[in-house]
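Okay, so here's just one chain, in structure tokens, the form predicted alone.
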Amino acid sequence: MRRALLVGLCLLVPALALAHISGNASPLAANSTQEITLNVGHGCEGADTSFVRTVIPAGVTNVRAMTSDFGRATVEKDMTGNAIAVNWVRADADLIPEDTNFYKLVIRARLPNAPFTTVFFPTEQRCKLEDGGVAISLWTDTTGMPVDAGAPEAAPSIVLVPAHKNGWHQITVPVAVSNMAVYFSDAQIVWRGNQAYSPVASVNALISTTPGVTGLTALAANDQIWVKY
């Protein structure tokens, strides 16, 4: 089966809360309420998408689903009343004869207080075919590793960063960080001892020309850093 769904997560947040939002997984402040948008770029096997189910991971709470022009949204809950999935169903009368449309499916939820982690939203997509069959694409892999042909594709995900306001913050990093840009794309500068990192070209130029200061390219677990946003 040809995997035709291009799914990403873009987080629609106020510009003051987080900058540089993209159509793929972008860093979001942990322990905050955000709108999570599942971007469905394609149907399957040339057919329009008829159903999408997204699993709500542990720690994501206060889930509210938005009905869109795609179709009605419903929230699945377990026996204790916790949201476990969101389903979007496109009415048969609204299905179009070709795979030509792009859909945005929105969930509003509170994210867990787990900065420097990745949260996955395993997703199932279904499309009704002309012969009466149903094509299914699974976007459920949470390993972050390349998958074998025919296996489920990578699940949509978001990266969590510490909640912050403009100014200086002292942070203890709980895990190793090999790619500074993933977690500090909206920072002005990050300091660890006499090492510094900045995603801002002008600041980065100052780092490279300041005597006694070297570039900071990675962090170890339990490193203490100073970050200015």
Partner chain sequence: MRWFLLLACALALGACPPPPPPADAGVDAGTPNTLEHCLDAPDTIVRQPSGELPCDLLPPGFKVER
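Quantities reported herein were computed from a predicted structural model and do not represent experimental measurements. Numbering follows the first chain given and starts at 1.
We do not show the form predicted together with its partner chain, though everything after this point is about it.
Colleague: Is Pro174 close to its partner chain in the model of the complex, meaning a heavy atom pair under 4.5 Å apart or at it?
Modeller: Residue-level check for Pro174: no, no contact with its partner chain.
Colleague: Just to confirm, Leu206 within 4.5 Å of its partner chain in the model of the complex by heavy atoms?
Modeller: Although its partner chain is absent here, Leu206 would touch it in the model of the complex, with heavy atoms inside 4.5 Å.
Colleague: Since only the chain is shown here, I'm wondering whether Thr210 would be in contact with its partner chain in the model of the complex (any heavy atom pair within 4.5 Å).
Modeller: Although its partner chain is absent here, Thr210 would touch it in the model of the complex, with heavy atoms inside 4.5 Å.
Colleague: Given that the partner is absent here, does Ser68 sit within 4.5 Å of its partner chain in the model of the complex, heavy atoms only?
Modeller: Answer no; every heavy atom of Ser68 is more than 4.5 Å from its partner chain in the model of the complex.
Colleague: What stretch, of 50 to 58, 185 to 193, 157 to 165, 35 to 43, brings heavy atoms to within 4.5 Å of its partner chain in the model of the complex?
Modeller: The contacting stretch is 185 to 193.
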